[in-house]
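Next up is one chain by itself, shown in structure tokens, the form predicted alone.
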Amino acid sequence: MTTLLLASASPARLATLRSAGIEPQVQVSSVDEPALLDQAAAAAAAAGTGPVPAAEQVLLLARAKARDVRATARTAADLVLGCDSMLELDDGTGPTVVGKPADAAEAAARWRAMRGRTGVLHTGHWLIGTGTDEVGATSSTVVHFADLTDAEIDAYVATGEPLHVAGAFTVDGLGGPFVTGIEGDHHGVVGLSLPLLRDLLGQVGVTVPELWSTTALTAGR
């Protein structure tokens, strides 16, 4: 069996892999994400290319996480996968890119801007193979949000869930009832696109069945 090391602390990403029969090892990276994005923005400004698109930002972070964990891995693994997600929302004044909210007040403010609107959830994936092979791509999914009341927003934020996820919402948890529709890959909104992972694995010469754990096979999954 080929082994996978997930460079992410996200319980949702781990659960997504497990539901697909993959039991990865997990190691969180030490990447300074704000600093990395600041560097990218400064480089883009110096080059006169404008703001770094959200789809590129998440891919940049996913690559940095995967490379950091590959370099510092505490256990041997054949593959390393890094991921990062951000929500791109047009609040009427132009596109805004957001990650995890800093606190409850910010999460509530975001939901007041998001309700009744449509955003795009971008999830970057970066896969490092056994040799020097590295491949990456971004999954982008359109998300339609319900027009929540202030009371619903306050109750949801009080659960703490929005504080731990990009865009301050989940589609596979308490936030599920507040998402009225999705255009694209559901798994990408959760934080890890399984079809995209399959494509990336193929590029480094690995198939999904090679990652299935003995437990998953025994259970007939």
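Since the structure is predicted, the reported quantities are computational estimates derived from the model, not experimental observations. Sequential numbering from 1, following the sequence displayed.
The same protein also exists as the form predicted in complex with a further copy of the same chain; that form is not shown, yet it is the one meant from here on.
Chemist: Based on heavy atom distances of 4.5 Å or less, which listed stretch (168-176, 25-33, 62-70, 42-50) is in contact with a further copy of the same chain in the predicted bound form?
Modeler: Contact criterion met by 168-176 only.
Chemist: Hey, in the predicted bound form, is Pro209 touching a further copy of the same chain, heavy atoms inside 4.5 Å?
Modeler: Yes, Pro209 lies within 4.5 Å of a further copy of the same chain in the predicted bound form.
Chemist: When the contact criterion is heavy atoms within 4.5 Å, does Asp90 count as touching a further copy of the same chain in the predicted bound form?
Modeler: Asp90: no, not in contact with a further copy of the same chain in the predicted bound form.
Chemist: Given that a further copy of the same chain is not shown alongside this chain, does Glu183 nevertheless sit within 4.5 Å of it in the predicted bound form, heavy atom to heavy atom?
Modeler: Close contact exists here: in the predicted bound form, Glu183 approaches a further copy of the same chain to within 4.5 Å, heavy atoms only.
Chemist: Do Leu14 and a further copy of the same chain come within 4.5 Å of each other in the predicted bound form, heavy atoms counted?
Modeler: No.
Chemist: Could you run down 9-35 and flag each residue that has a heavy atom within 4.5 Å of a further copy of the same chain in the predicted bound form?
Modeler: Counting only heavy atoms within 4.5 Å of a further copy of the same chain in the predicted bound form, the contacting residues of 9-35 are Ser19, Ala20, Gly21.
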